[in-house]
Structure formats: structure tokens, C-alpha cells
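The chain below stands alone, shown as C-alpha cells; this is the form predicted on its own.
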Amino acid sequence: MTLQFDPLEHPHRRRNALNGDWVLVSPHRTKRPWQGQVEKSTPEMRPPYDPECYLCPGNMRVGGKRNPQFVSTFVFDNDFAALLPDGPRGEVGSSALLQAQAETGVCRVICFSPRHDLTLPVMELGDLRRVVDVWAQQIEEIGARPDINYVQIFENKGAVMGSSNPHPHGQIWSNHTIPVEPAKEDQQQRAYFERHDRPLLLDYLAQELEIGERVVVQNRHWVVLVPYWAVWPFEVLLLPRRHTLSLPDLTSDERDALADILKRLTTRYDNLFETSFPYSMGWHGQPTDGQRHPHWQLHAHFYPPLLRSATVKKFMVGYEMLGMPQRDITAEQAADRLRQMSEVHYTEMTEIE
């Protein structure tokens, strides 16, 4: 007798339509994913200005340069860049099994605010809008260089995600070649567009909005959802509602709405375990090679490691490193948990009480 498949009971694989990878889902391992002790973390308290912080206004950076007395979002060339603009390019290995290519690029740091204590969820909407504008401006500026074909904007929030400084900031790494993850997405989106004459992520979004169970928060121009193929416990995908190739293509209204949705999402993240919720996030848009890529759809990924509390984290180990990614709680359970969160930041609720 063949058992009837139950996605909440039976192990199964889900395919990531955006990059072609698969994830193993094992819902039977944790029928109640919030069982056991849920630990409360002590809220991280930071001053508005830290004289020892190399990202605060007026302070000396580790590389020996002094920051200006900036009063808004501030961008500078990374003092210890992973990519350098000057250097050779092309093949530097001669063996079929020992291949290497020289790579060039530009790396910058974005301080979201002069305030040492303000992360995205507690910034004012006007200040968040300036961050959005800077993201778009940097893509235009760096992407216009003939030696740059992809601009990757990202944020590592929290020490667990490898952030070397608690001052809220993001980074820009731009490459002559397209990095691996955007390249996989480019391939999948191009193939889908050639078959259907529609952007993959627009059709995917339409299905998610119709189903509804993985949608977390939305406004007039943007939708946040836990993707069907999510790997990380509370991973989300942030999508514009209209066909948009890159951040510079956003209208003023869409930029305002993006600031709104970022604040609402990251507030829910912080409220989930009453902590400054760590994550790696990044924007994926069309390559900056001077061509239009109609198969592309702008989107942002958020990859948070927290599983059951602020002290229980998800790491890729064992089977996941040797076999394939795996998760216990389903994408639908994660989305439901995030939907339950308030959009009033937990620190403000404490002040009210």
C-alpha cells in the first residue's frame, strides 16, 4: 500500500527554481519546532558614538585614514579590500585540473548611519530611504566602469555572521566576472524566460501571492516571503511586484516603499527572539555589462542563522556539507511564525511598558 504524501510528516526534496539546487526537508524530526527552552538574550546596548569604533564619524580607521564627520549614509573604499582594481585578468593556470583566473574589482563599505547604535529596524524611514538611494547610486557608479560586470551589495549583521564591527554597515564587492550564485540565477532565469517569455520570479511571485501561506509582509510595491525552497530557518526573499532589473530602476515611490518593507521585516526579525537578529542579506540584479537582461528580476535574499532562540543557531555541517542542505521546520511554518510578530520593535514595547 502506497502512503499518501504529507509535506508536514514525510521527508522530501524541494528544488530551488532560482538556482537549480535542491534542499532536503525533514518535517517529522521536529513536529513542534519551538519545543524545549526558549532562552531570552540580553539586549545589546551600544552608545550613539563609540570613540574606539573605526566606523564612527571623525574616528581613525584601521587602515590609517580618518572618517569625516558624516551626518548621513557614508561610503568609502574598503581599507582591506578582497578585490583590487589594478592587476592582470584572465587564465593564470595551465592545467585542466588546476585552473585559476586572475580577478579584479572594487570593494567599498557603507555606513548606514553616523549612529553607532542604529540598525535598520530602528532607523527612521527617511534615513532608510537614503540607504536605498546610496545602494542604487553605487550600483550605477561602479557598474558604469568597463572593468566591472557585477556589483554585489550585501550586509553581514552580527558577529555570528562574521561582522568585524558592530557599527551598522554593509559592503559592496564588485567583480570583473559574475560571481557563482548570481551566475546560477542568471542561467535559470534565462532558460525560463526563453521557454515562457516571462521572468521566472514574476511568475513565482504570482503563485506565492495566490497561495498566501509563505507570504510574510507586503505593501503596494514589495512582497516578503519565505521561499518554497528555503534552506535557512527564517530565510526570506524580498521581491518587487513589477518587472525590475536593478535597484537604479526603482521609482521614488518604490524606494519609499522599500524603506518601509525593510523596516517592517527587520523589526519582525528582531522581535522573533527579542535580540538584534543576525543575518546575511544581499541584492541580486542584472549584470552591469552594459546590456539589458530582460530575464532578470531584482530581488534580495536574507539568510538568518537563528533556529529556536537567540542562542540556538543553524550551521551547515555533516550531511549538509557532504550531501545537500537540509531543514526541519518547513518554509510554511517559518512564514507563519514571522507573520505572528509585531511590527513595533521589542525595545519600544519595553519602553511603553
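On a predicted model such as this, the values are computed, not experimentally measured, just so you know. In case it trips you up, residue 1 is the first one in the sequence shown, and so on.
If you look for the form predicted in complex with a small molecule, you will not find it shown, but the lines that follow are about it.
Exactly one listed residue, out of 162, 88, 126, 93, brings a non-hydrogen atom to within 4.5 Å of the small molecule in the model of the complex: 162. The contact with the small molecule in the model of the complex, taken as any heavy atom within 4.5 Å, belongs to 171 out of 73, 266, 138, 171. In the model of the complex, the small molecule sits within 4.5 Å of a heavy atom belonging to residue 61. For the chain shown alone, residue 219 is not a contact residue for the small molecule in the model of the complex, no non-hydrogen atom being within 4.5 angstroms.
Residue contact check for residue 213: none of its heavy atoms lie within 4.5 Å of the small molecule in the model of the complex. The closest non-hydrogen atom of residue 109 lies within 4.5 Å of the small molecule in the model of the complex. Segments offered: 186 to 194, 163 to 171, 141 to 149, 221 to 229. Contacting the small molecule in the model of the complex at heavy atom distances within 4.5 Å is 163 to 171.
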